[in-house]
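First, one chain by itself: the form predicted alone, in structure tokens.
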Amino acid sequence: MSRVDAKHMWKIYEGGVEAVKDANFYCEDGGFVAILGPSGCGKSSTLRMIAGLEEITRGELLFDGKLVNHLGPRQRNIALAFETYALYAPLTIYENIAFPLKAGGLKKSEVDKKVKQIADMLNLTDVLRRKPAHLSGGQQQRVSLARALVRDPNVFLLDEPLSHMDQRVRVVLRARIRRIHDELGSTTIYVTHDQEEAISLADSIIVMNVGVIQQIGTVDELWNHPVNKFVAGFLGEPAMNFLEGKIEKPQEVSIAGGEGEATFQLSGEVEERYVGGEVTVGIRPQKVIVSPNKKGDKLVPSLIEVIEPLGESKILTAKLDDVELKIVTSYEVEARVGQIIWLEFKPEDIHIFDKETENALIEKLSRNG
């Protein structure tokens, strides 16, 4: 397996379209990195440059410290599984999975052993003698995944490999992909727009938007210390709530409600120049504390408009002036549509973002404190 280093890597298509801008990241030998972001953010272009399917416009790509910009996919010894499965129609499923092993000159007995092993792990044993045309889209995608995972490459590159499968199958296969990764000690780079996949699979997550890497970190770092509003809002379901706020003191922010302003303490300090200025306040739905009654001046009133039961929890949709808030709370909390509830935020759960740059203003202090 190999360590992968991308250094100042750009992809500029014809017409000057900048799909990937100055990407810097690495994946340790044996590491599992997910590239996460919305459609069109540049994640697939990044993966295709690593694979050698797209030319790197500027920058360097290294495998174990060796420059591979000039090498084709075969020379890089990578294994690929894409959202489009591209199976060999005349071949059986067994032959499709075995193809890269036979091309590599592996003995027939070893080929048979590896094919049956990966087929068992991905629930394909019963269809090995069929042709791709007789399989569902989800089964064909599993075959594509098996064909990639059956090899012993320097790097596994997986681009939305579970996208055509139903939710139950995806949950099962996520666990199996991670198991295969751990057993083989493989280096894996996984592209997805699905945050559940990224969170459940990867050791580290690269969040991209409009061709730019926004943040790289563990789930805990991205969740608790987002560096900007995009990362904060993209990660989490329901998404983070954003409110208008005003910095009263370096460690104090106020939020306007129906009955005036409520003031909240911050876990860190913002720079003095922000005092008196407007900011964006972020609070995750899971971190909102709900009270049926007003207790002091550090609560904000909100009107419940929708209640979504989710078994052990429920999601409240509430209105604070013209802003819609999502609140995840226990099923035991009494709530009804049309009820006024009072909201409280703990200092350590409040995120502050610059109104113009949308960068976090207390991220470093929160991380250290």
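In this text the structure is predicted, and so the values were computed from the model without any measurement. Residue indices: 1-based, along the sequence shown.
Although not depicted, the form predicted together with a small molecule is the subject of the following passage.
Between the options P309, G65, G338, P38, the residue in contact with the small molecule in the predicted complex by a heavy atom within 4.5 angstroms is P38.
Although the partner is absent here, G52 is not a contact residue: none of its heavy atoms lies within 4.5 angstroms of the small molecule in the predicted complex. With a 4.5 Å cutoff on heavy atoms, A23 does not count as touching the small molecule in the predicted complex; it lies far away. Taking the partner from elsewhere, A19 is found to have a heavy atom lying within 4.5 Å of the small molecule in the predicted complex.
Stretch 41 to 49 is the answer when you ask which of 66 to 74, 26 to 34, 41 to 49, 329 to 337 has residues with heavy atoms within 4.5 Å of the small molecule in the predicted complex.
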